[in-house]
Ligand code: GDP
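Shown below, as structure tokens, is a lone chain in the form predicted alone; questions about how it binds or moves come after it.
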């Protein structure tokens, strides 16, 4: 889960990491008022949960309050990288001497915390690593290790700090590490870290991503509403609904609804859909041994998605039994009804019983089965995936 820049900077200030006295604006009038109060040129930064906003037009400058209002209106009526801009962070424009980079992240291969410092900031650190890896200095630590001040000094020297600046920059590094550990972060970045012409270090940007499994230890962060976020962007309304139903669900940009029997089977099904030229509309996991009612709700998420043109269902019965799968589908058909064509296949634990449930229900209510094709073990799953792609293309 990712914080907005202004939220991350609020945490920065608690750890004495220097930030500007910015203000969040949600209207052009608020932006104009900030510029009038500042009486200096300002920078307007779109608040979205995505990187690279500068290149995408999400950062603008204004010399006057009138211009600040105009630029704010431009940002608040657009989308950056597909995300609508609802808030802007207003900041005073600084006289910058140099842009640096500081970051802390996890090395998932070696199970280490890695502190990074680079003398070239304001650009993607991955690009610097490709072009000039010698500019990046790293310190790796065990997850339970302290970060000693002399390591901060070492990184500050690498960034060119001298004299009093060496002490100030070293303290920022130590504070950033303490922030990282305190909030169970996965990533904390200051990019760029400004060195101003009057000798101050100021966090020009702030990126912070948290481990959602540790959120229970930070109720003060839960109050920000970060539980309904992704690393990139906010949850959609369907994702929020699925979360309330305790169904792992993620919206994608395709038109084939995926109704899988477990996460692994769901990943395989998505691969099949891509292979046959289709695009999944979602990823979803039914969980181990889901109830028929849970399965019925999964289908509601798909049938009510306006992007979905066809539904692909596949159940390999193990812990999740095929008779429960069939019961869930029947509950959905009787209580909700199906508006999209759906092709299903089931095999494994209790699949014969599942087939019997479908057959009996179809005899009683043939009208609710008109949009469904049901297959058993005799039909390869590849054919089912291909059929789902064909059905989507026919609509």
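Since this is a predicted model, take the numbers as computed values, not measurements. Numbering follows the first chain given and starts at 1.
Same protein, other form: the form predicted together with the ligand, not shown, and the subject of what follows.
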Contact residue in the predicted bound form, from 199, 122, 84, 277 (heavy atom within 4.5 Å of the ligand) = 122
Listed residue (255, 251, 285, 205) with a non-hydrogen atom within 4.5 angstroms of the ligand in the predicted bound form = 205
Look at the stretches 150-158, 90-98, 179-187, 295-303 and give the one with heavy atoms within 4.5 Å of the ligand in the predicted bound form.
-> 90-98
All of 3, 15 and 209 within 4.5 Å of the ligand in the predicted bound form, heavy atom check | no
The ligand contact in the predicted bound form: residue 65, any heavy atom under 4.5 Å | no
Please run the contact check for residue 43 against the ligand in the predicted bound form: heavy atoms, 4.5 angstroms, yes or no?
-> yes
Mark residue 192 yes when one of its heavy atoms lies within 4.5 Å of a heavy atom of the ligand in the predicted bound form, and no otherwise.
-> yes
Answer for residue 53 alone: is it within 4.5 Å of the ligand in the predicted bound form, judged on heavy atom distances?
-> yes
The ligand in the predicted bound form - contacting residues of 58-88, heavy atom within 4.5 Å = 59, 61
